[in-house]
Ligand SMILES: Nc1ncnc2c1ncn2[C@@H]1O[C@H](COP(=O)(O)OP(=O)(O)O)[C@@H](O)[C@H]1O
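One chain comes next, on its own, written as structure tokens: the form predicted alone.
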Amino acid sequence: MSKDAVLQVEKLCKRYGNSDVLKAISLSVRPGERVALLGHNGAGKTTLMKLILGLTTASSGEISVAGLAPGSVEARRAVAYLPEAVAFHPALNGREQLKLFARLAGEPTHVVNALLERVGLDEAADRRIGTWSKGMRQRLGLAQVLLGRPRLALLDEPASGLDPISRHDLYSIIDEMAAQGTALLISSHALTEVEARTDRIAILRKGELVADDTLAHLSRRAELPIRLRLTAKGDAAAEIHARLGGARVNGASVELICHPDEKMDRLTRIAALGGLVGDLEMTPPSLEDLYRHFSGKDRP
């Protein structure tokens, strides 16, 4: 466990009756770190976030939020939370709602205009929230998260309901928060997005933490196959296929699947083909591949 972590979770267990929802979870998030929390429905992600927020109590284990007990007044001031199904008073307009949150957070209300502009709501700010789309409400929730520069931000499916441009803006804001020192725990099913925009991947499977590392380290640990695609020059695809094997693709390419330990040997053999090869693409396992591996989705 990291001594400088904003969030420390150690041997955390949660039981409901005879059911173990979380089993000895240990996890940390340091200042400026973006950690993706992955897992299929029922894996325990929401329960973990509720425990960190102090909305429910653990059966055993410990949680520290900025060195404080979860749910305490001081810990709540240090944490921002964006739920997947964010809800606001439909009769208020966006500016009124965010000013209310600013006052509750002890922030001056003059920061509200800049925050609404930052999340792309400045033009709709004076319309009643009841007329807004889900994506607009989600952006207002993100503006609320930005109030007061929290030390820890818990984001539960933050891109839910957002269009592609707004999703890009969301991750830009997440990057800015990390650069300012906020620790971020991001629960998401959008694997392609979090693959490129997070520092570490934590995967829950049936209440157990089955992976917690960088994407590169998880790839080495999983030892999943690498895909090589060779584009032939001219009509050389048949000869490449005869010498290397693999599968013909569209008559002009050859695809090879190899174990990580075989990669250098394969590349040496490909280099020996010389002018027969016009191009080479090497595709390592994606986050989706790793998720399926560690969550057990690709197992019988």
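All residue numbers are counted from 1 along the displayed sequence. None of these values were measured; they are calculated from a predicted model.
Missing here is the form predicted in complex with the named molecule; even so, the following discussion is about that form.
Colleague: Going by heavy atom distances of 4.5 angstroms or less, which of Ser59, Ser64, Ser26, Thr46 would be at the interface with the named molecule in the model of the complex?
Modeller: Flagged contact: Thr46.
Colleague: Considering Arg243, His40, Arg269, Arg248, which brings a non-hydrogen atom within 4.5 Å of the named molecule in the model of the complex?
Modeller: If I apply the 4.5 Å criterion carefully, the residue I get is His40.
Colleague: Does Val21 reach the named molecule in the model of the complex if we count a contact as any heavy atom within 4.5 Å?
Modeller: Contact with the named molecule, yes.
Colleague: For the chain seen here without its partner, which of 258-266, 271-279, 46-54, 28-36 has a heavy atom within 4.5 Å of the named molecule in the model of the complex?
Modeller: Of the stretches listed, the one contacting the partner is 46-54.
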